[in-house]
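Next up is one chain by itself, shown in structure tokens, the form predicted on its own.
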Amino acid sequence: MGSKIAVLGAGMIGTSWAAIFAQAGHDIVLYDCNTKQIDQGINSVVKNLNDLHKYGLVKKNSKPSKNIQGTSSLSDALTGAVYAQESVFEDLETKISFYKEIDSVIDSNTIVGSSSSSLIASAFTEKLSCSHRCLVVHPVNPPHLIPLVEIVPKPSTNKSVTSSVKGLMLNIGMDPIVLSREIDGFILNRLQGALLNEAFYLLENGIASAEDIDKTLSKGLGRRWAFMGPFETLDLNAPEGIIDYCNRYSSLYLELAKQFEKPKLWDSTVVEKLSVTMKNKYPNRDFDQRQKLRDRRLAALAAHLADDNKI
């Protein structure tokens, strides 16, 4: 694939994507219909790149910030681009309308990946002339610090397009997974949703506090899951591997599954109490500072894991 990448949407996800493509040496055109947002977005990209530099996650001699420009013209952003990463507001009508605009100005070979975290591409791209070049390319927030990306083609997406996007993701340092078909929530949010539903159940029924449920993940399961998945975890948790583990504990998990209630919306009263808990824990909110702390820890973890891969 060539060097010009269009990043459509200069918000949190778009600017994180722009940093990823820029540090890999691509020329980035950051599009937003709001010119003020473009300036803020470019500043965010530079900040993200500086963070990557600080932790050794960008080549020391590279100058990726020189490869970024902004525009409020969708046509200018897409002309000559080999790939466009769309990261506009997660709303079906917004997506449908925006993709009609894309279709009216896009080059004949440009591939479009959507950062959609819940909407399948078939829902907003099927009637376009560029439909066969559209698919979901869903990152984890923040993308420039978490390498996983879900590639979800539609039935009508050309296989060569899926293959090209996977190659591009590998080239820029991401770790792509490719789904065999569309499914609501993809993989990440289906797994996350199962855990969140159980977390809200435990909280609603007074089994544990929100703080202790969070701690169970951050100080427990999350420590393992930072570098290995559930199946590899099981394989190491019994003397004879995963078959041994399943023989020992599958009946336990069956009994737990039988206790699950019918799906329902998270209880509004519990959500309000949870909000109070978070406000009491962080009385000044300090959203920006907490976000920066999260990003520093993720960057340090990424650097540590990258170093481990050299062993």
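Position 1 is the first residue in the sequence shown; the rest follow in order. It should be emphasised that the depicted structure is a prediction, and the values quoted were computed from it without experimental measurement.
Form predicted in complex with a further copy of the same chain: not shown, discussed below.
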In the predicted bound form, does Lys159 have a heavy atom within 4.5 Å of a further copy of the same chain? no
I'd like to know if Thr216 sits close to a further copy of the same chain in the predicted bound form, meaning any non-hydrogen atom pair within 4.5 angstroms. yes
According to a 4.5 angstroms non-hydrogen atom cut-off, is Pro283 in contact with a further copy of the same chain in the predicted bound form? no
Using heavy atoms and a 4.5 Å limit, would one call Leu92 a contact residue for a further copy of the same chain in the predicted bound form? no
Judged by heavy atoms and a 4.5 Å cut-off, are Glu232, Arg297 and His304 together in contact with a further copy of the same chain in the predicted bound form? yes
Going by heavy atom distances of 4.5 angstroms or less, which of Thr79, Ser118, Ser104, Asn171 would be at the interface with a further copy of the same chain in the predicted bound form? Ser118
At 4.5 Å between heavy atoms, only one of the stretches 95 to 103, 120 to 128, 182 to 190, 67 to 75 reaches a further copy of the same chain in the predicted bound form; which one is it? 182 to 190
Heavy atom within 4.5 Å of a further copy of the same chain in the predicted bound form: which residues of 184 to 218 qualify? Asp184, Gly185, Ile187, Leu188, Asn189, Arg190, Leu191, Gln192, Gly193, Ala194, Leu195, Leu196, Asn197, Glu198, Ala199, Phe200, Tyr201, Leu202, Leu203, Asn205, Gly206, Ile207, Ala208, Ala210, Asp212, Ile213, Asp214, Lys215, Thr216, Leu217, Ser218
